[in-house]
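The chain below stands alone and is given as structure tokens, in the form predicted alone.
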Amino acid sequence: MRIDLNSDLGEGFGRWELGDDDALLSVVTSANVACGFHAGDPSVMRRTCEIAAERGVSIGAHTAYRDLAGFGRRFVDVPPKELTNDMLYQLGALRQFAEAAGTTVNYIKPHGALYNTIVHHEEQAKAVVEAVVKYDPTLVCLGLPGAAWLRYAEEAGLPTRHEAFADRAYNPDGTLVSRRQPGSVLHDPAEVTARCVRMATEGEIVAIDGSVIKANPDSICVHGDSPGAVDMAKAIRAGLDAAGATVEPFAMEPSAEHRA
């Protein structure tokens, strides 16, 4: 039983802070670092990469629509070529700060509305994949099982990994319940911990209607911007350890470009 814990980090901006990145980077094994389009600025990106590198936490690019005001949670009907360019811009920016910290960008996980859109939106899914191919064809793509962009990534020969969400409710088809609906986010640490242990040990998730979804996640996402996030993450980590799971990054080796 090997499982990774990832969290969305580096989502502050200027004097505004979101979440306790320092504490979470002592719990999770992978950090999805905001790249400036939905959150994060150069100073925040560099600081997050430095702490992650010091603690052996794998760094991933948390790319998003250009939507600071909406925190990247609003759909943007951006042309595919422009979306590819936006992804490359963000990947390049994070790579520079990761290298300055003595580490690398090991994977990409789109954020918010983009993450959910490219589960089904064919053109935008292809646009994101094109960016990864042009950036580094050994970069790992992390996303929701069954997502269109992961299908295209596999067709392009890119490595892919699947994730599940610790505190998000699921629809019976395996998609996430919209944040606009009641019950979309779970808050009880004991309930969430039990869910994560079941994901890791039995490969199952209970959907919002009580049905059971088969899942074998490589990584579990622990949100860092909800109340009690650090305590929740610690409870999940302790529960997985107690269940005998090996909690470690799913992607840590430098990409081929950086090894050359």
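Just so it is clear, the model here is predicted, and its values are computed rather than measured. Numbering starts at 1 and follows the sequence shown.
Another form, the form predicted in complex with a further copy of the same chain, is not on view; read the next lines as being about it.
None of 185 to 193, 166 to 174, 148 to 156, 75 to 83 except one has non-hydrogen atoms within 4.5 angstroms of a further copy of the same chain in the predicted bound form; the exception is 75 to 83. In the predicted bound form, at least one heavy atom of A93 sits within 4.5 Å of a heavy atom of a further copy of the same chain. a further copy of the same chain is not shown here, but in the predicted bound form it comes within 4.5 Å of a heavy atom of S43.
Using a 4.5 angstroms limit between non-hydrogen atoms, L18 touches a further copy of the same chain in the predicted bound form. Among heavy atoms of A39, some come within 4.5 Å of a further copy of the same chain in the predicted bound form. Scanning M199, A52, V222, C35 against a further copy of the same chain in the predicted bound form with a 4.5 Å heavy atom cut-off leaves one residue, C35. Within 4.5 Å of a further copy of the same chain in the predicted bound form, a heavy atom is found for none of M1, P110 and L144.
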